[in-house]
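Given as structure tokens, the chain that follows is alone and in the form predicted on its own.
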């Protein structure tokens, strides 16, 4: 018999946990519902998540197995294994034409965690981060977790989601601590021009603002090569670059990303990751070294495959009345404007799932400026996506009747 007569347990959680309570438009909820439908055996076509269907390079898997067999299952240095950091530093030095020291690199379990850690070390609660719309849907959770304010500016949708320097500069205020860029961009596949990166780096430096660039799609470009912020910027004092292997090397589940920054900031990031993560898997880092040094033919094949998928999707979209899209320059997504159907992106996505059994992400999850869009993932083959577009075409036809 329970004789305790005290007050009932409240079950109270922290402000951080409460900030993460999803009170938005249920963007991921729609994808999760589609996954539940698929798990029940319903014939759902999933075009709503950026998890590539391509296999990890087999020799990379073999390298991980070899590392495990050698007993590489212990604590790794907090900054990351020196062999991996040296490999990344050599790549960064060649790509940027500027020297990069291995100690300027910190390894994280994925690029998202790297972004979280960078923001945690640069921005106090209540301060501002300026970011473009459309923005990667995962950024919002990071901002809310850290209690920082996201101040957005729109990319030029009609111009291929191009960045307007004047729009950026008009959005920055004295409360801005970080300008967060994403190039090539998710979801729009846009690429920021090198001259714009150079000007923004100098402009932010003058105003004591950090310029952080998420470059995880840097290897998946179609018509021209990616130019890193480290190459474009004349001075690197306020520059942070984030990259990883998830998309380029089809290694989403391996969880491996990194930052490249000044040594002073890398030391702060080391303190943060040592307190919160205590390092990344040795065998995953060993496999990453192999992936980064044996990937030329593999990456070329990945790039060609995504180009085929992009071209196929854009051709199908162009043939469906009421739909329109800009051809992305990079990445693994296509943003489709559905305003011509009379529906906004959220209503379109919900009805398409219910009536057509195809899941896409509503554009509102990437910002209010994308309310009339949906995002389609290029994470399945052309042959696998063909039935999905047959269903999309049939669904749009019902809206016209």
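Residue numbers count along the first chain shown, from 1. Small disclaimer: the values here were computed from a predicted structure and weren't measured.
Note that the form predicted in complex with a small molecule isn't included here; everything after this is about it.
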Open item on the list: Checking a candidate spot here: are 169, 176 and 203 all in contact with the small molecule in the model of the complex (at least one heavy atom each within 4.5 Å)?
Closed with: no
Task: residue 249 within 4.5 Å of the small molecule in the model of the complex, heavy atoms - done: no
- [ ] Give a yes/no on whether residue 139 approaches the small molecule to within 4.5 Å in the model of the complex, heavy atoms considered.
- [x] yes
- [ ] Answer yes if any heavy atom of residue 110 is within 4.5 Å of a heavy atom of the small molecule in the model of the complex; otherwise answer no.
- [x] yes
Open item on the list: So in the model of the complex, is the small molecule close enough to residue 307 to count as touching (4.5 Å, heavy atoms)?
Closed with: no
- [ ] Select from the listed residues 285, 261, 182, 228 the one whose heavy atoms reach within 4.5 Å of the small molecule in the model of the complex.
- [x] 182
Task: Heavy atom within 4.5 Å of the small molecule in the model of the complex - residue from 86, 255, 268, 290 - done: 255
Task: Partner-facing stretch of 76-84, 233-241, 213-221, 276-284, counted where any non-hydrogen atom is within 4.5 angstroms of the small molecule in the model of the complex - done: 213-221
